[in-house]
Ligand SMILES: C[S@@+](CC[C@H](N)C(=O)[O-])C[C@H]1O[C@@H](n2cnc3c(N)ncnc32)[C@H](O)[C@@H]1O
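Have a look below at one chain only, the form predicted alone, in structure tokens format.
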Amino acid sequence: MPAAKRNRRSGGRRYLASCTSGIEPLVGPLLPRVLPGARLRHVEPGYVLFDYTGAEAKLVTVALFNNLFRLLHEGRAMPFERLVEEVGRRRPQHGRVTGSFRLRFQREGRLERVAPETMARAERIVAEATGARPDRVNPDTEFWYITRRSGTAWYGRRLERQRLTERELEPGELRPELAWLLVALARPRAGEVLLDPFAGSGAIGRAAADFAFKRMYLSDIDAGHVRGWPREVRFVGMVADARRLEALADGSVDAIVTDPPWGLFETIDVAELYRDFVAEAGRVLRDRGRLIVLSGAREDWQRAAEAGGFQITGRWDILVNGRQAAIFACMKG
């Protein structure tokens, strides 16, 4: 059944989003909370498909996904030249396009070249439907053909792209989408106090600015990072060792969200660092306070948290820049 008909029946437009591999189980519970009117339809590694009844302008402000597409066609995987012909026969509604556009063809996460005649046919379909002109270098809009090993094929208009490329990130800096997810898992509420004791370049703090809370402490042992932290009045910067947060009173923090060192760029004993940090986290957190951690030293973290009296309420193994890591949700007490 064409996607447009399914959309009418479900009461919303259908969207496709790519995401960090491994976080898919988290998307279902998170979607309706951060996007009222969203309903998850399908999940497979690296992608989620959902219907959304709200305004598209709101949708693109949620930094949960890498690439976001308005879905125009959904069908079986097949060679791209056949898929282009199928889209041409279906005549999907491309929406208003001003200026120029570009076509992309992706198979299993990798962009591919197609035959010149296939590209020309795909460009004619969009140009005839919208009146826009092709621009393969610097377009205003992109349309993507995506095929998957699972046997699924999608065609959609890209609404949002990754905010930063890997080359624009500092060594060890979190992608904005992943930082946003960590903060969302902490479920911050108005009136609460948050903490990131390994703030680094401030990715988690910048992501937290989208959420409601009273105050957030950003702390790092390296004073050189402070200049990149948010300047809002809700944020308080500190230069301190995460194992000795002397400026914070016992039980003064509701939730900690952090990405501690993994031992990749530092010469440290990660297991010892985690043990000492867990003890300090237990001191500053209130009873039943939340602790959300991303670590590539997964077993070291789990041992330290459990030995420090934290209950691990969730663990999600993911890939970060090709490296195995895990997100842990922990609770004090």
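Numbers for residues come from their place in the sequence shown, where the first is 1. The structure displayed is predicted, hence computed values, not measured ones.
The same protein has a further form, the form predicted together with the ligand, not shown here; the description that follows concerns it.
Residues placing heavy atoms within 4.5 Å of the ligand in the predicted bound form fall in a single listed stretch, namely 198 to 206, out of 98 to 106, 198 to 206, 185 to 193, 147 to 155.
For residue 94, no non-hydrogen atom is located within 4.5 Å of the ligand in the predicted bound form, even though that partner is not displayed.
By the criterion of a heavy atom within 4.5 Å, residue 82 is excluded from the residues contacting the ligand in the predicted bound form. In the predicted bound form, residue 220 approaches the ligand with a heavy atom inside 4.5 Å. Shown alone here, residue 243 lies within 4.5 Å of the ligand in the predicted bound form, counting heavy atoms only. The contact residue chosen from 140, 173, 86, 160 relative to the ligand in the predicted bound form is 173, the criterion being a non-hydrogen atom within 4.5 angstroms. Checking 273, 27, 284, 62 for any heavy atom within 4.5 Å of the ligand in the predicted bound form turns up a single hit: 273.
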